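Take a look at this one chain, the form predicted on its own, written out in structure tokens.
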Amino acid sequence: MKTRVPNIYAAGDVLGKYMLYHAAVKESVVAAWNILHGKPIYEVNFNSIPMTIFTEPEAAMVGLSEDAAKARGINYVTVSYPLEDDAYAQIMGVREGWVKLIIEKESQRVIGGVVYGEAASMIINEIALAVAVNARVKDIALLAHQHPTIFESIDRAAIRFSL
């Protein structure tokens, strides 16, 4: 968060990266920590900042898109899970949508994700964590989500990677 000017740090829209409230808050916290330490120790993982369009239904994404992965020459695969198959979505009557994971093929790391449907703004946060910590798709597939919750759709998508 340190600028080219000595002892000047920046956060928020002035960076011109992610002009989102939650990104600005994280940038300002990192800037404050670095100021307290007197040098840049922490950094924001901009690749793990989720974005949501708050429509009905919601749409959210995090990490690399398929187009970005292609542009970078990353060998990737995607796995998806339709919400119409999800128990929570069926109970709540919100079956429209899906969860998609973008996975680097060789390392099997989750490099991005897209969610369209009920609670996309919440579901995307778990995928953002996977991107941030370089989780493998099997780490997500093995995570026991509570039943019935919409979050089960994440591990259901991940399970499809190994099928």
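Heads up: residue numbers just count along the shown sequence, starting at 1. The shown structure was predicted, so the numbers you read here are calculated from the model rather than taken from an experiment.
The form predicted in complex with a small molecule is left out here; the points below concern that form.
- Contact annotation: Ala141 falls outside 4.5 Å of the small molecule in the predicted complex, judged by heavy atom distances.
- Although the partner is absent from this view, Pro148 stays clear of the small molecule in the predicted complex, with no non-hydrogen atom inside 4.5 angstroms.
- Contact annotation for His22: at least one heavy atom lies within 4.5 Å of the small molecule in the predicted complex.
- Note on the interface: of 91-99, 22-30, 62-70, 133-141, the segment with non-hydrogen atoms within 4.5 angstroms of the small molecule in the predicted complex is 22-30.
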